[in-house]
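Have a look below at one chain only, the form predicted on its own, in structure tokens format.
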């Protein structure tokens, strides 16, 4: 009989064991190339958290992963696997760029910012609508349709950058650089409060937007009627129908929210770093969001922690590849893949043994209580 584990085991201990296992296996890979795994781990952590600029880059990457992790999590709560966060983030960049190009010369950034947020969310949601409708009304699997829409988004972006957004006389497929009214300021002052320096890291105000979205997602999923309907549909669609929950509406709304969250990821790199819309700016963040969501147990708090972990791997991995030439950037991808493997595909590796241990402990406690009662 399956034994239900305590929440601290399910949400804390098992992810920790999976992470430790991933890094132990990664250490063997480092040994195989002739490097010291302990030194590699030290360089990885130092590159991510050892100085202000490293922390800034780690949190900058984590901001992207929070948005895409939340996007995947909302869909999973409804029983959907949204593989299209990458494409939805890509298209979300169009909404950000449109707001910045229209307003950056006339208003300060904090006036442009809410329009960019709305534009990014609207474009991301719009890109998720057709896969959502096809899943809800026609039974077309959302995994397949969202993957296809990733490729369509890439082609659409190239067309728009070359034919629509590119300034006259420019050879690069990108928009013009935004003026100050289209650029989010960095959080230098925050690091200065702690006697540190942000350096060249593009860590900016969109991090707080990501945290606000975490709170709003928690509020939606666990404190609203719509969230209850989403979770019920995800757990048991048949029971949801019997309870009077409209499946088509619930699936479409969940995917629209998921797409909007993915679209908002574009604010961080487009408005907070590059100050222009460029090709391939998501840089795989949509796919990393899948691992972040799985490792964070689809809960906003877990997603924040998992996003920081992957931000550490992104930033610390770049520093590690520089300090240890034998460890290439491809090997860093291998380490990231191992974390994804153990956090996702092999997530149940430790669960059976832990379930048996806690079940045995429960039986022993019951026997002891019975003896004491006698």
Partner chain sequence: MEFATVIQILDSTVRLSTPLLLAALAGLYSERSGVFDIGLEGKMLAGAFAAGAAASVWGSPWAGLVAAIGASMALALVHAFASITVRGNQIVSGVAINFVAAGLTALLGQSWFGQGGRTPSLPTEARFTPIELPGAAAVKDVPFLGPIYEGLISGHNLFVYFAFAMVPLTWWVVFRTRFGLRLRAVGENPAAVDTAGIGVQSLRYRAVLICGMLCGVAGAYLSTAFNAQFVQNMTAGKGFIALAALIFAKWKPLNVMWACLLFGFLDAAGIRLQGVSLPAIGQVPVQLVQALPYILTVILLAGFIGKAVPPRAGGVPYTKER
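Residue numbers count along the first chain shown, from 1. Since the model is a prediction, treat every value here as computed from it, not as a measurement.
Omitted from view is the form predicted together with the partner chain, to which the following refers.
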| query | finding |
| --- | --- |
| Candidate stretches 54-62, 331-339, 37-45, 305-313 - the one whose heavy atoms come within 4.5 Å of the partner chain in the model of the complex | 331-339 |
| Listed residue that, although the partner chain is not shown, lies within 4.5 Å of it in the model of the complex (heavy atoms), from 194, 151, 242, 208 | 151 |
| Interface residue in the model of the complex among 216, 111, 155, 301, criterion: non-hydrogen atom within 4.5 angstroms of the partner chain | 155 |
| In the model of the complex, residue 274 touching the partner chain (heavy atom, 4.5 Å) | no |
| Residue contact check: residue 287 to the partner chain in the model of the complex, 4.5 Å heavy atom | yes |
| Interface membership of residue 225, the partner chain in the model of the complex, 4.5 Å heavy atom rule | no |
| 4.5 angstroms heavy atom contact with the partner chain in the model of the complex for residue 248 | no |
| Contacts with the partner chain in the model of the complex - residues in 33-66 whose heavy atoms fall within 4.5 Å | 33 |
